[in-house]
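Here you get one chain, nothing else, as structure tokens; it is the form predicted on its own.
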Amino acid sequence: MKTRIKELRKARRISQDELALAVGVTRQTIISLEKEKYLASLPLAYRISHYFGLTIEEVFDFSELEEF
């Protein structure tokens, strides 16, 4: 699943560690999300989008999932 996490994080000049700490996950989880190797759970997607002040749909691209 494509995300805007890296773009949003860089725009705010925060590190992967800072974001991970803020949303309660490890840096490795943030790396995996940015590389699209991991799908965020709904609670994690909510925490990340809430951190950036955006909706889940503004952070995560669900278009690939709509094909099912």
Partner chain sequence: MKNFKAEVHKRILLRRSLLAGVIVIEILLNVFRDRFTNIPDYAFGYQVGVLIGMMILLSVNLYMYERSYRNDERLKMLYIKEHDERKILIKSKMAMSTLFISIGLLGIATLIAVYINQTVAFTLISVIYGMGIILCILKVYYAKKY
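Positions refer to the first chain, counted from 1. Not measured: the values here are computed from a predicted model.
Here the subject shifts to the form predicted together with its partner chain, a form of this protein not shown in this document.
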Full three-residue contact with its partner chain in the predicted complex, heavy atom 4.5 Å, for Thr3, Ile5 and Gln16: no
Using the partner position in the predicted complex, report whether Val59 sits within 4.5 Å of its partner chain, counting heavy atoms only. no
Exercise: Gly24 in contact with its partner chain in the predicted complex, heavy atom 4.5 Å: yes
Examine Leu54 and determine whether its closest non-hydrogen atom to its partner chain in the predicted complex is within 4.5 angstroms. no
